[in-house]
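Read the single chain below, which is given as structure tokens and is the form predicted alone.
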């Protein structure tokens, strides 16, 4: 009775070990570009201060609160969202896109790994490294210069960390969909640009989506983009209470499952197309 579970455990362990190594490899790759990370930190801090000037004026003009944001909550939104820019992929670029364009992905299909999972896990590792030179310092700058709200106790911090990890993973999994479109397109750079424009706006990068008109707010919530940035910011800032934060995390998990399933379907279809074309 116990042999079957033990057998499955022996098969699962090597797979988990492999993906953990891919995660570590992505983390190491991110650490190679330290000067670029420093430049990103300077840009984050600069635009953070500009957003402080504009959005604090909006809060002040609204009488001290707008759409549930007071100065402390708005400051948290600004600095946490700026800090996540290096980790949440809103640019639409990923290494697997180039491998699909050149046909090198045929080698990936020959390996005993899921192409989608390997690409997403490695991107997540690279994104996690960006929290060190860009994410944490950006939030620290905001905390020291302006001040901000924070998570409500240890449970709020735990939910915030989980929401952050899910936000990064959802963004990497969604960008994979942009990359896999390369099986049907000669050049998907136009799609990448469209993704960059839509994701930044609907994820709440420029202003909180709570400030959107009703129809646009509903449109944003019907996409995975708020799960990448707005939801982690709301949970980490303490704007969402524990019950709401848990609900947001559940929504993020739902989007991750949906995006991953679509990615699997597109990968299988793309592989069949590649084989028919003689790849």
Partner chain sequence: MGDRTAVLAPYRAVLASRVRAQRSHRASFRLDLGSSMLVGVVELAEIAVLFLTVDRLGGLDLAAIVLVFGIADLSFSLADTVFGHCDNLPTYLKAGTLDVFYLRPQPLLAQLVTSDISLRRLARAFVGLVALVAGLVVNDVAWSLGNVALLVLAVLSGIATFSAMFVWAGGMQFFLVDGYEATNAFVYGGRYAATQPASVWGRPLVVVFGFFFPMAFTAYLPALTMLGLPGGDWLPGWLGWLAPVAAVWAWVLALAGWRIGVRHYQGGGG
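Keep in mind the model is a prediction, meaning the values are calculated, not measured. Numbering follows the first chain given and starts at 1.
Although not depicted, the form predicted in complex with its partner chain is the subject of the following passage.
Note that among 218 to 226, 45 to 53, 235 to 243, 248 to 256, the stretch whose heavy atoms approach its partner chain to within 4.5 Å in the model of the complex is 45 to 53. In the model of the complex, no heavy atom of residue 126 sits within 4.5 Å of its partner chain. Not displayed here, its partner chain is approached by residue 207 to within 4.5 Å at the level of heavy atoms in the model of the complex. None of the heavy atoms of residue 104 is located within 4.5 Å of its partner chain in the model of the complex. Although the partner is absent from this view, residue 186 contacts its partner chain in the model of the complex, with a non-hydrogen atom inside 4.5 angstroms. Note on contacts: among 165, 118, 143, 191, the single residue with a heavy atom within 4.5 Å of its partner chain in the model of the complex is 191. Checking 157, 198, 136, 113 for any heavy atom within 4.5 Å of its partner chain in the model of the complex turns up a single hit: 198. For the stretch 17 to 45, the set of residues having any non-hydrogen atom within 4.5 angstroms of its partner chain in the model of the complex comprises 33, 35, 36, 39, 40, 42, 43, in sequence order.
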